[in-house]
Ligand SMILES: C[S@@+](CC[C@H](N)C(=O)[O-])C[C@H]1O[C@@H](n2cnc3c(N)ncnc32)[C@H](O)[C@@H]1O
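Okay, here we've got a single chain as structure tokens, the form predicted on its own, with questions on binding and movement later.
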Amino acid sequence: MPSPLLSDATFRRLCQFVHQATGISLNEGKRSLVISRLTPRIQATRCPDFESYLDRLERDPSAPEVTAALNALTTNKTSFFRHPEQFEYLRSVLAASESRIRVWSAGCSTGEEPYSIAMVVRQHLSAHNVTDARILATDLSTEVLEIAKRGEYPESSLDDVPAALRRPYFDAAPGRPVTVKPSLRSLISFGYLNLNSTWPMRGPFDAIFCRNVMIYFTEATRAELASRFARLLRPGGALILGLTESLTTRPETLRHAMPSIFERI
């Protein structure tokens, strides 16, 4: 079945709807992605075209189909210990923690990031007299959150996990996915969160990972998010972005520590 046509006017309306709902900024370069990602949803809902489908979304922004559409549009590429130098920086941040550790993975995708954080935290707990540690992992996509909560991954996904960490933190059986052990799961609370909405957490956090998320926002939205993140960091805490991301405008309370990492002063 051919993909339905997406007119310029409907595409502009759709971009506005997504931006208002999530803060994500779509542009003309994303038109083909939008068509390929939403065409299955249009067919599943038996809408005749993009305009009718968008009418349906706009009639009830809280409907389950809105969540399904946003799930489809959200790109979720991640891996264990992606950009290992950032996790080395996390170790240095945790070394300054005293009685408690709090880390937030904002945009946790399918869970590899928060589980990587949990391994670093577990190592820190083993080496220091710290027992109070929690990791918050949130995402806009309910689909990837379900995968993250299951904690099951193909064995090949552990290629970037240091060998010394595989047996302590993963259960493996021939012909079956590897499974995250309870010692890691117990550190993490997974939950749905739209970064464009009200945040229930109060902090302070030792570190906030928000990697490869800012690229979907306008400069104004990035600046606003940076200010909100900064208010939730303890002094010396770190905001860690994706390697291709930067903050052209940032609050005075954040200083540039190293590429893609900003420290709360």
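Residue indices: 1-based, along the sequence shown. Only a predicted model underlies this, so the values are computations on that prediction, with no experimental measurement involved.
Keep in mind the form predicted together with the named molecule is missing from the figure; the text below concerns it.
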Out of 42-50, 228-236, 56-64, 22-30, where are the residues with a heavy atom within 4.5 Å of the named molecule in the predicted bound form? 22-30
Checked 124, 100, 82, 166 for heavy atoms within 4.5 Å of the named molecule in the predicted bound form; positive is 82
Exactly one of 157, 186, 179, 194 comes within 4.5 Å of the named molecule in the predicted bound form through a heavy atom, and that residue is 194
Residue 109: heavy atom within 4.5 Å of the named molecule in the predicted bound form? yes
Residue 144 within 4.5 Å of the named molecule in the predicted bound form, heavy atoms: yes
Does residue 140 make contact with the named molecule in the predicted bound form, using a 4.5 Å heavy atom cut-off? yes
Hey, in the predicted bound form, does residue 211 get a heavy atom within 4.5 angstroms of the named molecule? yes
